[in-house]
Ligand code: HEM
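Starting off, we have a lone chain in the form predicted alone, written out as structure tokens.
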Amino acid sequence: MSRQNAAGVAHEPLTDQLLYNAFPAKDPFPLYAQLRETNPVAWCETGDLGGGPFWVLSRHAEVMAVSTDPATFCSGSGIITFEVGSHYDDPPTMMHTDPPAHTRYRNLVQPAFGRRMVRTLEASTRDAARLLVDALPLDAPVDIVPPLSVPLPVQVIAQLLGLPESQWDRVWEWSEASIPGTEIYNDAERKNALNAEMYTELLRLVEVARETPGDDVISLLAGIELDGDRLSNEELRMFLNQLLVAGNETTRNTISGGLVAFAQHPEQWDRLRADRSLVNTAVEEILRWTTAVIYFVRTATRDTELGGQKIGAGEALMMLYASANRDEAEFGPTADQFDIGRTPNHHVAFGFGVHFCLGAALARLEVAAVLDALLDRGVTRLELAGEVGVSASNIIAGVTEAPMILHTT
């Protein structure tokens, strides 16, 4: 089998470690640094889980170039490596669409995620974070993932969707069933059952919102109409699935990863305690440092060039966000340091361009709410009390366990 692409570019062996069953999830950053230094636009001939081969972009500049040019680099042929070369008659998520279809979706759903909606959720989100933090034991070991990082995003999303409290645990399970590499995803029977259950329930919620609108996001989305255009029930279900999975997984792991970062860099927590005006820049640094979404894929629509490499039409490109967010060319000599006062901070944790994350403001609010709640409770230091567990996924930087002690003395 050929180990080079059509233009004769040789396979980069380092990229094999980015594949599903080989990913060094516990510490991929040396791999990213090596790629940036030796082969920043590298060809991976191997493919992943049945998907086709792809380029790997490990520098910030190339990731930004692709993110800001949807006409040349499309999303409609798959956004995950195992989807490379796919064609969807009905896109599985809004993220799989390109302008003008994506522009239509964006215009129809944007009103539900503007500043007004986030402002309406701020008090309840901060209350939820405070209640969860106040329930944590102090000066004793606790794994902060189950009692804090998991329930906060679930509660916020459930509130958005108008789900009763009895279904909140299902939100987490539905989300886990959609992310390759999680324990639930790897159990095919359970995964399929949960996906079917989620599909049925989301369609039911859409139909209820059409018949008896409330004040939840589903009712808002169902009622939006622009120039006679509105989302169909199936389009609403698609978008809600994206919201449920993306909003839960990314925020949960950002919260966990951020608190782990403070435990590993106690001087930064001291800095935040001394100057709470740093909360907003701390949130941005947590987003950069954790980069919950490791990568997304685009496909070249025409022959082009990136970083000195000729990219052929139809070739896929992995935008390695987690590497771009540690790129010395963008973040300087402190790129590999956790610095809560970093400014400017042009991270790509939310993507960039037309696909910039719709839920970014809400995610920022949730992370800030956790930091403020911990500060209000008088936590003076976060100390790791055991090994941090990570998911095997090469898509989501998942934190499965984060045992720590919240010190108050």
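Remember, it's a predicted structure, so these values are computed and weren't measured experimentally. Start at 1 and count along the sequence shown; that's the residue number.
A second form of this protein, the form predicted together with this ligand, is not displayed here; the remarks below concern that form.
- This chain is displayed without this ligand, yet in the predicted bound form the stretch 91-99 from 267-275, 168-176, 183-191, 91-99 comes within 4.5 Å of it by heavy atoms.
- Scanning 251, 81, 323, 299 against this ligand in the predicted bound form with a 4.5 Å heavy atom cut-off leaves one residue, 251.
- 246 is the sole member of 246, 306, 128, 206 with a non-hydrogen atom lying within 4.5 angstroms of this ligand in the predicted bound form.
- Contact annotation for residue 104: none of its heavy atoms lies within 4.5 Å of this ligand in the predicted bound form.
- Proximity of residue 359 to this ligand in the predicted bound form: non-hydrogen atoms within 4.5 Å are present.
- When contacts are judged by a 4.5 Å heavy atom cut-off, residue 158 does not count as touching this ligand in the predicted bound form.
- In the predicted bound form, this ligand lies farther than 4.5 Å from every heavy atom of residue 132.
- For a residue to qualify, one of its non-hydrogen atoms must sit within 4.5 Å of this ligand in the predicted bound form; all three of 287, 351 and 354 qualify.
- Residues of 278-294 placing a heavy atom within 4.5 Å of this ligand in the predicted bound form, in sequence order: 287, 292, 293.
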